[in-house]
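We begin with a single chain expressed as structure tokens, specifically the form predicted on its own.
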Amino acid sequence: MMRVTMRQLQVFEAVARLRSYSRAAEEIHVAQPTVSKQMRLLHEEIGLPLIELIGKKVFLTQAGEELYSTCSAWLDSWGRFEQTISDLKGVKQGRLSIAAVTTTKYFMPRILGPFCSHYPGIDIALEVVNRDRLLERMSHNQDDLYVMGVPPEDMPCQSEPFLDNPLVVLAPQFHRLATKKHIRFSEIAGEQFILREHGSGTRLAIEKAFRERGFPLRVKMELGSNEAIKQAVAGGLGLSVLSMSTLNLDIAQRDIAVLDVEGFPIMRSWYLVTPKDKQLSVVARAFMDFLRNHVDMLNPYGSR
């Protein structure tokens, strides 16, 4: 009789799905040697190789494919069981898993703190990832709720806007347009821009704005974080478009100017998103209700 632990199955499922030991370790919040140890113990218990490492790439053997199919279904069933138990216990205790895009780190803690104070028995797992990783998690139904700026059009889901997300044009304080009012869009069209990676919600919005006005978007540099972009703008490397949320409520930062450009701010929203027909737990529904009733604490630009 095989003695396989739930932890081993969780580790294997993450490795098999992500095709990476390091990404699996990152996702389940353990060190990579822990993942390797759990995989070794699982291999020994099964008695057949489950994973093949060719170079740095992970491939599943036939036994691995069979186990991946089995444990994915089992973990999904176990997740539904945990949700049922949580619902039976009520809102006073349980676990809430939220995946959110990186820009939400500027405001999500301000709602999670009060929520946890109101429901001290609820444990929160917040994954802050880029848009591609978030959509990957959503496609595998890994979390209760997802927070993003642009709900996916190619994935069946339900979305609810809850917070304004204005996008503004940023320039260094010494830029020639920094003190000018009513700047025509054509005046910034010739500038070089520093943007987030392809696929980010903010980048999709600025690409659309340029495309609709018939101007080419000149991208000088791509950076993976909003903080790095702000530093690059302050250093004079180019302009950028970011969510007002990234300015930490300090619109008049010393080194950065918010330009008064035609068509800006681009008014968007932050959305709570769930896969279509997903059955929400009592805890998830409680968080959504709490957010609706306390959203003003997040929105310094005026409530929706």
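Just count from 1 along the sequence shown to find any residue number. In this text, all values refer to a predicted model and were calculated from it rather than measured experimentally.
What comes next is about the form predicted in complex with a small molecule, which does not appear here.
The chain is drawn here without the small molecule; in the predicted bound form, the stretch among 214 to 222, 68 to 76, 98 to 106, 183 to 191 whose residues come within 4.5 Å of it by any heavy atom is 98 to 106.
Not displayed here, the small molecule is approached by Gly149 to within 4.5 Å at the level of heavy atoms in the predicted bound form.
Put simply, His43 is far from the small molecule in the predicted bound form: not one heavy atom of it is within 4.5 Å.
Gly94 falls outside the set of residues with a heavy atom inside 4.5 Å of the small molecule in the predicted bound form. Although the partner is absent from this view, Arg268 contacts the small molecule in the predicted bound form, with a non-hydrogen atom inside 4.5 angstroms.
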